[in-house]
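Coming up is one lone chain in structure tokens, specifically the form predicted on its own.
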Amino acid sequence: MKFFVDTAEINDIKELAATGLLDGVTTNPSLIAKSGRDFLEVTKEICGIVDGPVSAEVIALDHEGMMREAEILRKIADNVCIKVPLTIDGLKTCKALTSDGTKVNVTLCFSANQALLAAKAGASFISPFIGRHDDNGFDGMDLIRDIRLIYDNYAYETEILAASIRHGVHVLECARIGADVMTAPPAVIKGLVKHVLTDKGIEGFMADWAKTGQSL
């Protein structure tokens, strides 16, 4: 499974990139606004930190506007992935961009039928929102499971990018089902390394080492 981080905070991206765990970055207008920086400037800086795809979302809701904005965004760097909403105009834009060799992340997916449409439109990534799906009384994992089955049935190359990840259990279940990618906030990714028995083991080793009176 590929790991993307869902943030526009440069320090967090650099920290995770240094671990070798990071395969890409996802951003959206809300995350960019939270960073307090210029949209194009921060996107360019992120693209320079990671080699993998960096999703940059269009703001326009009409096809012509999306194409105009996508033209600006994809000039930022070769690893920019254009993010479009799962609407008719978004799918039309997806088809036009992927036909031209540009990676596209179709976002705000909440049904398997929507994911099917995105795959037919040639999407590079489909982003089903697990946490938000759960919030509305549905099972986000059932959504991932259905998309995986449909994509495998027809050998679609669109990668399932599990989004709206809230905790480690979401990551585990997505990996078990076979999501290609997961994107999560920095705190969730860092939290995956934590386990009480690991902490206790380290404490025990350190205590035993201290008793030897040695140093390295």
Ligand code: E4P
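Since the structure is predicted, the reported quantities are computational estimates derived from the model, not experimental observations. Throughout, we count residues from 1 along the sequence that is shown.
The same protein also has a form predicted together with the ligand, omitted here; what follows describes it.
The three marked residues, Arg132, Ala163 and Thr183, each reach the ligand in the predicted complex, with a heavy atom inside 4.5 Å. In plain terms, the part of the chain that comes close to the ligand in the predicted complex, with a heavy atom within 4.5 Å, is 27-35 out of 61-69, 27-35, 167-175, 186-194. Taking the ligand as positioned in the predicted complex, none of the residues of 47-80 brings a heavy atom within 4.5 Å of it.
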